[in-house]
Structures are given as structure tokens and as C-alpha cells.
Ligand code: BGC
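One chain follows as C-alpha cells, the form predicted on its own.
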Amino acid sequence: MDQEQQLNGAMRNVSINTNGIAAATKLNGHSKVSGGGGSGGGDETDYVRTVEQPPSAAATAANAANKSTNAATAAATATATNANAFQIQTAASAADKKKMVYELCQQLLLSDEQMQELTYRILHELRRGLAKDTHPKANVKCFVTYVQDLPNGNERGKFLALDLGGTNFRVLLIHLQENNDFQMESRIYAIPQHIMIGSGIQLFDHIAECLSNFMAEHKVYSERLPLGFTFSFPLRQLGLTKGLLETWTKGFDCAGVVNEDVVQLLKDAIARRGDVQIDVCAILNDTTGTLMSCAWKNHHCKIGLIVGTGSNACYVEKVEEAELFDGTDNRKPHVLINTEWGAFGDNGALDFVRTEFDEDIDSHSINPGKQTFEKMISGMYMGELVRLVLAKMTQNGILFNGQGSEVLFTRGLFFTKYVSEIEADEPGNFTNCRLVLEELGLSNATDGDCANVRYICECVSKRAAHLVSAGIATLINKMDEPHVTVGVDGSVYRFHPKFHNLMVEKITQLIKPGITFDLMLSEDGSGRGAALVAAVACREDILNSK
């Protein structure tokens, strides 16, 4: 029997039970009266035996008094019985609903065996991405970043950073100073929807215009500055300043950019303006920026992780393992690898843990069949996953007495921030939950509804944390170093109240004995990290020129 049949069967049972008790309540309330034989279910206290002889006046009075007393007793009994029946039904119904929520959510929870299997499959896909023969068909591409040097704390000077990775982008001016000190100024610019799905020329002209305005605003318009370009989309790098876009994600679909060098597209847009002097020193992914930003302060940082709108990871790999690396300077033993693990599972490797809700998310996404792992983890989809579960349970009468709302049944309107807010409530407290439900047009939720909504949120976010943990534990085990710091950024990790602890607990279970790790919240990895990549590149250029 499948989940749908079980759920519908359970609902039929609840419906039958409800009708049964309702019928009993009517009988106890004397709404049904039957004649003589007593088989109609009327309460026997309603009836007084008739006698053939007419009663005396005293007997009549006594009978009347008895009738009155019996009727009052019956009414009191009926009221008590009704109340008890209602309480029993309410309790049973709430318990049944909680059980059904629990059972439906089991498909969202990962067993220890499934977690182990995940780590094996992730490692297999990483190796396929690193190897020259299997790379073309690999889903986890493991792109070489050409970044071989981490910050050492001696980087100095002014640097620009451009951070493009979502519906907004940032421009930053960063002045690196002594003693790991820095000054930073930044501004966020919007990318209108028509540009997100327009042409590549439109997109990069818009970025170049904003760069020019920023430099004028911060009085560096006439200076020639190095720029680190954080480009948070799947990128096949051919050098530190050359990278081809593999595919758009996160709602972008600009024409004429896939398989093109995005650094050259940016340079061309700047040249078309002809008003500012910018040297694009490096292109990098936001995961690389996160790693670099954390490594500037903590030299043990060897993994960068993003859990935000999207999800991805990069790590320090041995040069001999990265078969696609064709750097001229192979004397350096390591190179950063951008895994692009969001596409893990695009070949079916995650089917054994995917659910009907994941399939729904995928089929209605802008890129069906792609970024399978990311769709089970990231902030772009987490709220919608919860909404789909809530909608199904409401339609089946389990939540909100089957009464949903237009907002609840509309795609994309249960925001991922709601998941964090609901889980931030203290146990037994549903303040945030009720505020969220009111925003959804659900103002009559019971405490039982709120508890069930929170449980659903917990199952979805816990699964996301455990999937990420399987990936990080696999990287830590592959690197096989005594201690590794993981630099982490992204709105889900940053703002979800339990994500950090869920990850620490699960990674600890999955890594080899004797290895230790810690998770370090990145301070503006995609911004400061980009400037640091540019700064390290400039540092190396100076050393090489001597």
C-alpha cells in the first residue's frame, strides 16, 4: 500500500469514527425517539410505564415529580456524556492527525544506512568529476579553480570586488591593511527580472554601469584598481581569469552567455563604456570566496561551503588528484576544486531518498532534471518543500480542519524565512508559528496544528542539514587531514536557528576516527573573499616578477 492509500485510508477511519460518535451524541441528546419495544435507542429514563387504572391525585403528583427529577437527571447525564464524547473525539482526532503527520514525514528523514550510502555515492561522483576520462559525463564536475595560494595575512592595498550570484549583485571597495584589518564599503544593486532572462549584453552592460557609478560615488573613479569577480554559477575555468558558464541556475536565463567566457563579457562591457580602468584579476565562485575569506583569519580553513539560495562546496585538493589541472606551475602541491555539487543526483543517484515533494519541486522548476541535490537543500526551495507538505495534509483534512487558504495553495508564497522563524519558537510556544500562519491567511490554527506545522518544518530542514553534512564529511574524509576548518556562508546556515548544530552532530558521526573539524561562519566571503583572491593574485605577480 503506498503513502497516498495509507493516508486516505486513515482519513476514512477518522471520518467513520467521527460519524459514529456524532450519532451517539444525537442519541444521548434524545433527538431520536422510538416506540414501545425500546429497540430504537431512546434513553429508558424518558419513559414511564403506563397502568390501566387511572392514578390517584397523589400518585399523579408523585409521578410528575419523578418525571421531573428523572428528566433533569437524564439531561445532566446527557450533557456530561456529550462533553466526554466530544473530549474523547477531539483528543483522538488530534492524536490521529499527529500520527498521520509523523508517518507522512518519515520519507523526509534519512536513516544511518541511507547516510552512509550517500557518502559512498558522493565520493564516487567526486572521483568521476576529477578524472579526465569520466569528467565529461560526471554530474559533480569538480572544476579546477586555478587558485593555488591561500591568503597569508600579508596582502595590502585597495581592491574592488563584484559579487554576482542572485537577484541582486554587490560592488565592494576593500582596503586591506596590517594585522588582518580592513576597511570595506559596498553597495547592493538590483537586477530587474527582464534583465535576468534577457540577453547577456544587457546583463553585463547593467553591471558595468553600476561599477562606474560606484567608483564615482566612492571617489576612486580615476584610479586603476584590481577586481575579483565572484560569479556564483556553474563555471568551467580555463585559468584564473578565464571561465566559461556551464549553465544558468537560480532563475537566470540570459541568452548568449552559456559556454562563453564571462570575464571577457565583463571586460567588453567595461570597454564599451570607456570611462573606468579596472583589471579583472580573478574569477571565482562564492564558495572559493568563502574559503579565502575564512583562510585569511584561520589557516586551517580548507573547505568552503554555501547553504543559501543555492548550495555548493569547494575544497583544497592534491594536484595529482585533479587530472584536468594543466597549470604551468605544478610545483605547488594543491589546487582549489569547485565541486558544483548542486548537480549531484541528476543521474538518479539520489532517487533512493527523493520524495513526491522533491519531484513536484523539480517538475515545476525553471530547470527540470538539474541541480537535484541543491533542490533538496537550498533556501530557494526549502519553503516550497514545506508548503507542498502542508498543502497535501490540509487537502486530506489533517491540518486546519481541511480549510486552507489561497496563499497556502499558491506556489512560492511559503518563504524559507518562515521555516527559520517557526523553528525559532521555544518548545510549547507557537508565537512565531501563529504569526506566519496569519500571513498565510490561516488564523484559526489549533495548538495541534502549530505543533504539526513545526514538525514538518523540522523534518525538511533536518534533511537539508543532513544532506549537506554527508557532502562535507565526504570531503573531510577524502582530504584526510588531522583538522579541517569549514568556512560557511549563506542565508540558510546563517539564519536557521538549528542548522549549525544539526550539521556538527551529523558530520561528527560520519567522519573517520581521529579527525577533528569546526564550522566557521564566513564574514562576507563572496565580497571580501573575491578581493582576497585578487590580492593573492597580485601578490604572486609581484613575487614572480622579481
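When you see a residue number, it is the position in the sequence shown, counting from 1. Keep in mind it's a predicted model, so treat the numbers as computed, not measured.
The next section is about a form of this same protein that is not shown, the form predicted together with this ligand.
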Region of this chain that lies against this ligand in the predicted complex, out of 447 to 455, 318 to 326, 422 to 430, 282 to 290 [heavy atom, 4.5 Å]: 282 to 290
Full three-residue contact with this ligand in the predicted complex, heavy atom 4.5 Å, for 232, 249 and 374: yes
is_contact(residue 311, this ligand) in the predicted complex, heavy atom dist at most 4.5 Å: yes
Heavy atom of residue 340 within 4.5 Å of this ligand in the predicted complex: yes
Any non-hydrogen atom of residue 306 within 4.5 angstroms of this ligand in the predicted complex: yes
